[in-house]
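Have a look below at one chain only, the form predicted on its own, in structure tokens format.
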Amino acid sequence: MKREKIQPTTGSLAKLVQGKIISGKSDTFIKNFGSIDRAQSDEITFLANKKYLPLLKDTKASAVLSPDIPEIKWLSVPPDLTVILVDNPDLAFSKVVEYFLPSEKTFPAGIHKKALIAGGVKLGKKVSVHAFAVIEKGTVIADGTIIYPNVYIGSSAKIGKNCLIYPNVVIREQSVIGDNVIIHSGTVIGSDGFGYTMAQGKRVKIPQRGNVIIEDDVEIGANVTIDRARFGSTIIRKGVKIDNLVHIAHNVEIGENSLLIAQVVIAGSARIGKNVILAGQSGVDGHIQIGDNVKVGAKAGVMKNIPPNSMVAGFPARPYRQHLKELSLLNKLPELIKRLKH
């Protein structure tokens, strides 16, 4: 994001984030940013969750970005605190952080002399390939993509525009990566799917001849593994965000804008809908279908199909309210057993 030439006052920052000042001053000078409980004078903070409302009474910050909620209008806040209403405090605060600490691609375009690039590789404009990166034959990399040190890209892979491929990433042969994709260190794209069959008393490997397709605007965390399909493609749709330490097996399809939190495991041929949230350490069995807008709780085990717009939790996963009732009854078991014995 290009840094605007503005003076960092509460008024100019409110303009930057398209916010509205409802209390306080518009000419207070802001030097930095911080969390609501640690921000100091001359710093701006944000309120993204109502549970942090009580912290506003004691914050030392000079300004706060807040959603338009009734509580903020009658809450007793420090007299020197400027309250700026915004539609999305998280997004607004990100813009403020970007203003004070603008991100920059500091790596010049071009090929490092210690990079190893095979014949037939096609590189777009302003591509940066760092030392010890290996790019095999037939690969195509579009404009503005940065390949960090020690990255391996297999033959006939395709990588789109403005991607960031961090150190020690492996992108296996025939993988397809869209535009604006970020892949963090240690991730492996296109490893063999886990497929074996029994023959003459021993496990025999089933060839995995498909590939992985990752669409635009996907971000993949560190140490993620996405297996290639047995045939066809493992597909990660537009806008999906994947946390660290996630495993996605062969022939899985993840719908647009879904979130996969740390240590999620998805078995082969599962289908995940759009805008799905899989919380940490949840697991999805093979060939399962999860509908759009589903939320799966942490450590849940999805063993059967889930219809759209559902919320499930527990192992095996079941409707969220049912899960809470069962937990409540479980907590009462010691007292029930005591009464039963009596």
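Everything quoted here is computed from the prediction, not taken from an experiment. The first residue of the shown sequence is 1; numbering continues from there.
As for the form predicted together with another copy of the chain, it is not shown, yet the points below apply to it.
- Proximity to another copy of the chain in the predicted complex, taken as a non-hydrogen atom within 4.5 angstroms, holds for one residue of E98, D143, E71, D80, which is E98.
- For the three residues L116, P167 and D192, a heavy atom within 4.5 Å of another copy of the chain turns up in the predicted complex in every case.
- By the criterion of a heavy atom within 4.5 Å, G186 is counted among the residues contacting another copy of the chain in the predicted complex.
- Residue contact with another copy of the chain in the predicted complex: L53 places no heavy atom within 4.5 Å of it.
- Although the partner is absent here, V246 is a contact residue: one of its heavy atoms lies within 4.5 angstroms of another copy of the chain in the predicted complex.
- At least one heavy atom of R38 is located within 4.5 Å of another copy of the chain in the predicted complex.
- For the partner-free chain shown, N223, V224, T225, D227, R230, F231, K241, I242, D243, N244, L245, V246, H247, N257, L259 of 223-259 come within 4.5 angstroms of another copy of the chain in the predicted complex, judged by any non-hydrogen atom.
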